[in-house]
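Take a look at this single chain, the form predicted alone, given in structure tokens.
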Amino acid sequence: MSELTEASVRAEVRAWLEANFDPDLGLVEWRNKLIDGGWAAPTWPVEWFGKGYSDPLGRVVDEEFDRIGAVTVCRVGIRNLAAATLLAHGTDLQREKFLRRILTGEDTWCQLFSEPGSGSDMAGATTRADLKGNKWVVNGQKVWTTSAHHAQYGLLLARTDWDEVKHKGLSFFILDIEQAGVDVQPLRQMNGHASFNQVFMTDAEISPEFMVGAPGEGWKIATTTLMHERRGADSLRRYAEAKERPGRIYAEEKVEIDHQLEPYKWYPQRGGRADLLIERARETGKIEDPAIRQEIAKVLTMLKTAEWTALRARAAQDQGRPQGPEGSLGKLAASNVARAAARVHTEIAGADAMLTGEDGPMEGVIAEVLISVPAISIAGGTDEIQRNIIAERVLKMPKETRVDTDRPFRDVPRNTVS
């Protein structure tokens, strides 16, 4: 077998696309063709629809798709975290059932981790799964669940052993969201959107083959999911955009993206919109204010530093290193940038920053920034959690004294009833 190089991979994918891409194909039909050709997820293992390429070679493939505007697989939402988790920990049965439909976009996923009484303390989950006969029966409540209102499946963290210590009594499941025992209720946010949901499970059922890993391995598996999520929260994250081109495949992709991104359309605002600072300063004349220019320069410096942190994480990934604490560094950096940018937007706009809709700067975008930015310090693990991870795993500092990790979970004081 000849050695793979960037040039050889580029030539191969370019020839394949020229021979196979047709904008008049249906979206799912094309994606199945991609999967069968190994180009849907080229960095995945060969036995699971990929080619086993390194991440740098995977980006070469992406560049060739971008060059001709070819549609790729569905990359929106939690489905990518589900795929990464199943590739790392799933059984062959689970991968066979779910991975192809994740790539085609036919199934939507959500993440059922946070609870009203255990948000940052994810290991304190009290949603329970009890083995009754040949089924796991789930009862409990999850919250802040993005896209649960149109998901088919959820990544569920539930407690299966109350006599174990908190981290060892959790198990990881794939939950059918559309069954009768699952009730999804949207939550309205202060920025007017309803991206999140609370999810109530009452005697919901899961077949044993849809437990991921072994009983008690839920914490380890959920950590894999979160590390991928945090790495995706850095400043290099790309948002899907529909291509304005003729053809059935582009029309169907636009419908898909509009539907899937509905819960996420305010996410650029929660990032602080540092990209708008210079434009806003020029529009308002504040660019002439040396103090404002200095504050903008500080934010842009922070943004560039955050990008370098993200590139370091990418370099580690290119070297084949497992997902690690780099994701926490990137997420914390993104949070700091967002808050700093929001402060500067306020200094530029003054009291007008509080006006929403057509009355506000940029038709309310700046007001949406101010009330959306707090979310980035909470979602995917709070800033405080990221600092703990960085302190313990990067700086090798001693862990905080804990009083809830050396006793059966049923004996741990908490603010919910088991």
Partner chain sequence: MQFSFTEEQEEFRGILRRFLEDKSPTTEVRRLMETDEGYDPEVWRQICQNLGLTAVHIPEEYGGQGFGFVELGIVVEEMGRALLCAPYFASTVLAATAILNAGTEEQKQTLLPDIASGKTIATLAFAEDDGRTGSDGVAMTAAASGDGFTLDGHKSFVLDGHTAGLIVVLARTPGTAGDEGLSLFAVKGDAPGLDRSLLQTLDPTRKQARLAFKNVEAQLIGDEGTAAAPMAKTLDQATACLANEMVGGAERLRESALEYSQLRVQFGRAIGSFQAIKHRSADMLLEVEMAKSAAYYATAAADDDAENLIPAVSLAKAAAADAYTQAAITTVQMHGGIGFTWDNDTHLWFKRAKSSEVFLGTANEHRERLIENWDAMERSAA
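Numbering follows the first chain given and starts at 1. Please read these numbers as outputs of a predicted model, since none were measured by experiment. The term rigid core refers to the maximal set of C-alpha atoms that superpose within 1.5 Å between the two forms.
Absent from the display: the form predicted together with its partner chain. The rest refers to it.
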Pick from 58 to 66, 39 to 47, 24 to 32, 354 to 362: which stretch has a heavy atom within 4.5 Å of its partner chain in the predicted bound form?
354 to 362
Selected contact from Y250, F200, W144, F210, since only one has a non-hydrogen atom within 4.5 angstroms of its partner chain in the predicted bound form
W144
Using a 4.5 Å heavy atom cut-off, which residue among L329, I292, L300, I174 comes into contact with its partner chain in the predicted bound form?
I292
Heavy atoms within 4.5 Å of its partner chain in the predicted bound form: does R402 have any?
yes
4.5 Å heavy atom contact, I385 and its partner chain in the predicted bound form
yes
Heavy atom of T160 within 4.5 Å of its partner chain in the predicted bound form
no
Close approach of A180 to its partner chain in the predicted bound form, 4.5 Å, heavy atom
no
Kindly confirm or deny that K166, T346 and I371 each have some heavy atom within 4.5 angstroms of its partner chain in the predicted bound form.
yes
For the stretch 121 to 139, I need every residue with any heavy atom inside 4.5 Å of its partner chain in the predicted bound form, listed N to C.
D121
Superposing on the rigid core, is the Cα displacement of Q179 between this form and the one not shown 2 Å or more?
no
Is D289 displaced by at least 2 Å at its C-alpha between this form and the one not shown when the rigid core is overlaid?
yes
Taking the rigid core as reference, does the Cα of E358 move 2 Å or more between this form and the one not shown?
yes
